[in-house]
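Okay, so we've got the same protein chain twice, two forms, each given alone as structure tokens, structure 1 and structure 2.
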Structure 1
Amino acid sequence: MIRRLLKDFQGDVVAIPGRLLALLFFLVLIIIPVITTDSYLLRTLAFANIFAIFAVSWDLLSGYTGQINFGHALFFGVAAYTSALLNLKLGLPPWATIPIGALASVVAGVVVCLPALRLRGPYLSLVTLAFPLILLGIIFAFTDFTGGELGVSGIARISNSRVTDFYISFAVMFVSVMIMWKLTDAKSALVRTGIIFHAIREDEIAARASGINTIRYKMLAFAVGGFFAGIAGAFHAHFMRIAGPANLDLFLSFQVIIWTVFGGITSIYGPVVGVFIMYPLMEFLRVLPEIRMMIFAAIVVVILLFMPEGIAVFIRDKMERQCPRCKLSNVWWRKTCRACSANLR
């Protein structure tokens, strides 16, 4: 049994460079707090974990299902405010407020979905763009309850140690990304969300003619995307100990798109790579505040010019060679396929 597992592990992970790299990346993340307990670094990485969940949830909804959402920060903000208010006003602990916050985002997802079912393309994007702005208006209208410009502050920490914070955020990121990856990869008879989301993105008429209830699955995509974005938002609120209007900001909605496109859209691992490169980079560039945004813009332009499919996908394509016969991934230096020994050159 163990031998079989090891063999599977070797065939499915070690032999594929992309997956091996992902494994190493996760191992390095696990080890980092052992090497250094620098609070700034751990805090930056913990936020990178949170934003990775956020970016992957956008990729699931907009990349995979094709419902380009320009207001993804809505889900982030709804969960942040919900968990912050529940914690502050009702005294609920973080382990209760975070799931409730995420569920509030699911509700927000379904609400956004209602007009989205009738709209397509740019019209849909513009409507989604409006939702966070509407919520911001509501927040500024009820300042007594929501704190207005200042937000809701003084909420409970998740833990008192940076290392624990980091490990919790890492575990949540790992589990969330794995679930979303499985959802977009699923092709079995039991769960077929992967193929269905893809079919909806490509041709909704053909999908409907195949008997797929596209409305239900679009709702599912909004609900799942909302849920994970909500998890990220609620965690963010508890880490920062504040939920404010910045959580609903347009800039956040666009940043998630930039991270995802930078890493590689419709790939799930792309947004994770995008966030882990861009977010720490932007943090460390705070020492050069004058040119920080310029460097950010320059990097994005260069990447999109030379690697339009995203940096993670670009690197993966360079490292892996797909067998023309059996479509198995092989390391780039192999001349023949490891399974069917077809010629790879």
Structure 2
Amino acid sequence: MIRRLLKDFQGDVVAIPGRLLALLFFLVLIIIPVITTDSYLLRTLAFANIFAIFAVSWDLLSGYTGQINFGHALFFGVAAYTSALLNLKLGLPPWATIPIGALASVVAGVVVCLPALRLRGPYLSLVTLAFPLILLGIIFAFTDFTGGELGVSGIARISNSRVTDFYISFAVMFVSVMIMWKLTDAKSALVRTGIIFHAIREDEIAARASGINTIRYKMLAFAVGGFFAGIAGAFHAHFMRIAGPANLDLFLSFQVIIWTVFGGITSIYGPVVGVFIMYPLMEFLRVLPEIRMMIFAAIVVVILLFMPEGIAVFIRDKMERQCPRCKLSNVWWRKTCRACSANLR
């Protein structure tokens, strides 16, 4: 059994540069608290873990199924407020409020999905943009319960250690990303969801004509995307110890799109790369508040100009060659496929 696992590891991870690079990236993240216990750095990386879940959830919904959501912060905010209120009003601990907050986001995802069953393209995007604004109106209307502009503060911490916070956020990020990657993997023999999502994005009418229940899979995409965005929102609320209107801000919805497109849309790993490059960079650029946003915009424009598919996809394409016969990935310097020996050049 161990020999077979090692063989599969060598064939499926070590032999594919992109996956090997991802493995090294996760290993580096794991050992960072061993090298340094700098509170600011660990806090920044913990929030990067949270926003990586948020970005990947948008990629699953909008990148894979084509249901472009301009109001993804709705799921983030619903979970944040639900977790905060349950913790303050009922005294529930974070390990209970976080999954309940994520389930509340699933309900929000199903509600948002209802217009998606009848709308497409820019019309759907505009409708999704309206939902966070509607929720903000409700929050400002019931200030005694929601805290209004000040939000809900004083909620319980995840832990009392910055290192523990980082490792918890990392573990949740890793598991969440792996689940979403497996769910959207079109090459998986066990899960066909990924290829169905692709079919819906490319031509929903043709997918429906092929016998695919597009309504079921669109609702699944909204529910799963909402669940993991809710996980991120609930964790963010407990890390910050506050849930407020900023969790529903339109800028947050557009920021997650920028992170995803910057890293590489429809790739799962692209949003993770985008977040871990852009979020720490913007945090460290707070020392230059006058030109901080200008630098951010310039970097995004340059990347999209020269790497339109995203920086992660660009790097992967430079490191790997896909076999034209068996579609297996090979390291870029190979002349023949490692599986079927087909000519790669």
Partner chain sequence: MLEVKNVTVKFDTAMVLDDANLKINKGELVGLVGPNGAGKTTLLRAIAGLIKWQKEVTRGTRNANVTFEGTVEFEGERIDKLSAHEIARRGLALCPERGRPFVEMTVKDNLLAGGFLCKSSDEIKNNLVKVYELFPRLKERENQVSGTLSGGERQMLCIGRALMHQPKLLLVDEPSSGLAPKLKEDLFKRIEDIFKELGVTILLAEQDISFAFSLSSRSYVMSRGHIISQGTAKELLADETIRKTYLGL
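Numbering runs along the sequence of structure 1, starting at 1. As the structure is a prediction and not an experimental result, all values here were calculated from the model. Think of the rigid core as the biggest set of C-alphas that the two forms share within 1.5 Å after superposition.
Between the two chain copies, the one drawn from the form predicted alone is structure 2.
Residue 23 shows a C-alpha shift below 2 Å between structure 1 and structure 2 [criterion: core-superposed Cα displacement of 2 Å]. Fit the two forms on the rigid core and the C-alpha of residue 340 turns out 2.6 Å off between structure 1 and structure 2.
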